[in-house]
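Next comes just one chain, in structure tokens: the form predicted alone.
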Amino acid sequence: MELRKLSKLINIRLPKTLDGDELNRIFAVLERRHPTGEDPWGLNLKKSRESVKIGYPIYKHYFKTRVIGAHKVQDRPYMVVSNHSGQIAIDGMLITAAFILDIWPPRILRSMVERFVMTLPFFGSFVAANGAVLGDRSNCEHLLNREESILVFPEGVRGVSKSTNEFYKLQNFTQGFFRLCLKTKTDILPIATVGAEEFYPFVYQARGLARKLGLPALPLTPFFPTLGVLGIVPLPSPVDIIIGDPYPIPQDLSPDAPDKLINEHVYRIESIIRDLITQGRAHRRKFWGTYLLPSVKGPYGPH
């Protein structure tokens, strides 16, 4: 469905796209980073430019995305580590857009995605053209060695596929990202995304049915599948991307160190992101859909 037609169905007015001069300025930098405009993983700067142009109104005006702490990002490669939320991978797209639109110099984050995403018709090639890569160790290591910045969600599918009563509860991080950072001497940039959980206020994860259907998750809401395609349109929840201080990789720790030593650092990074989430939720912007959320108490306080 075309973006303009969809905007009419969900009753929003899409503003004009990004100023042409600003778009040229951004992509002049990206073209210097990627001189051929393409790479073996499917990156395509021409298609990426078009995606940024079309997606800008959604990023800036529908989700009202704001980036907090952009000044902390230096012109160097990072392993960007974030919480995962929102049922579908919109949070990854918004983070990727933030590093193009709201951080200078801009860069294309190479988002590590699940295998099933890359197999989806049309969508798989779309995300690849915009920098996404099959999230296996080999791809990640090659890109880090090329001094590209990587975006990972160490919670995996467990992070994005939560029922309402689990919103903003971090799932245990895996270790792989930290061992790769040790091997490639890449520092970690912890970030938190706040606002994506509210895209769908009422969610029940039918995990048993998802397993039978061979799906990684199956979120059910009052609107999906009742309203069909319209039921998957996210509510316009304002999104904050909060950037923490870079986490330097210890130079004296081996990538083959025992799990106990690795976990000490992984737990610290989890704690940093948990604190960023708490700070972000304390200052998050309200919108009409916020009032649809049931009151849920837990370690992160009530909604």
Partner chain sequence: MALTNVNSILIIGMAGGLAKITAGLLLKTYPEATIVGIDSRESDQFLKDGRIKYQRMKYTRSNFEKLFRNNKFDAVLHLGRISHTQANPRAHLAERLDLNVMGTNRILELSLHFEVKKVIILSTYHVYGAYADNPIFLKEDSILRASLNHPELRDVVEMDQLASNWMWKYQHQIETLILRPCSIVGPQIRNAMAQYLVTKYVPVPMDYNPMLQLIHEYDMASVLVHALKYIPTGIYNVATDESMSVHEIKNYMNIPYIPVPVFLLEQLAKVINRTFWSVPDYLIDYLKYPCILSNTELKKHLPPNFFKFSTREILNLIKQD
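Numbering follows the first chain given and starts at 1. Computed from a prediction, not measured in an experiment: that's the story for all the values here.
Just so you know, the form predicted in complex with the partner chain exists too; it's not on screen, but the next bit is about it.
Colleague: Between 211, 71, 76, 146, only one gets a heavy atom within 4.5 angstroms of the partner chain in the predicted bound form; which residue is that?
Modeller: Checking each option against the partner chain in the predicted bound form, the one that comes within 4.5 Å is 146.
Colleague: Which listed residue (134, 90, 180, 232) meets the criterion of a heavy atom within 4.5 Å of the partner chain in the predicted bound form?
Modeller: Partner contact (heavy atom, 4.5 Å) among the options: 134.
Colleague: Give a yes or no for residue 41: in the predicted bound form, does one of its heavy atoms lie within 4.5 Å of a heavy atom belonging to the partner chain?
Modeller: Because a heavy atom of residue 41 falls inside 4.5 Å of the partner chain in the predicted bound form, the answer is yes.
Colleague: How about residue 46 - does it come within 4.5 Å of the partner chain in the predicted bound form, if we only consider non-hydrogen atoms?
Modeller: Residue 46: yes, in contact with the partner chain in the predicted bound form.
Colleague: Taking the partner chain as it sits in the predicted bound form, is residue 184 in contact with it (heavy atom to heavy atom, 4.5 Å or less)?
Modeller: No, residue 184 stays farther than 4.5 Å from the partner chain in the predicted bound form.
Colleague: Does residue 118 reach the partner chain in the predicted bound form, with heavy atoms at most 4.5 Å apart?
Modeller: Contact with the partner chain, yes.
Colleague: At 4.5 Å between heavy atoms, only one of the stretches 60-68, 46-54, 241-249, 268-276 reaches the partner chain in the predicted bound form; which one is it?
Modeller: This holds for exactly one stretch, 46-54.
Colleague: At 4.5 Å, heavy atom to heavy atom, what parts of 264-281 sit next to the partner chain in the predicted bound form? List them in sequence order, or say none.
Modeller: Going through 264-281 in order - heavy atoms within 4.5 Å of the partner chain in the predicted bound form - there are no hits.
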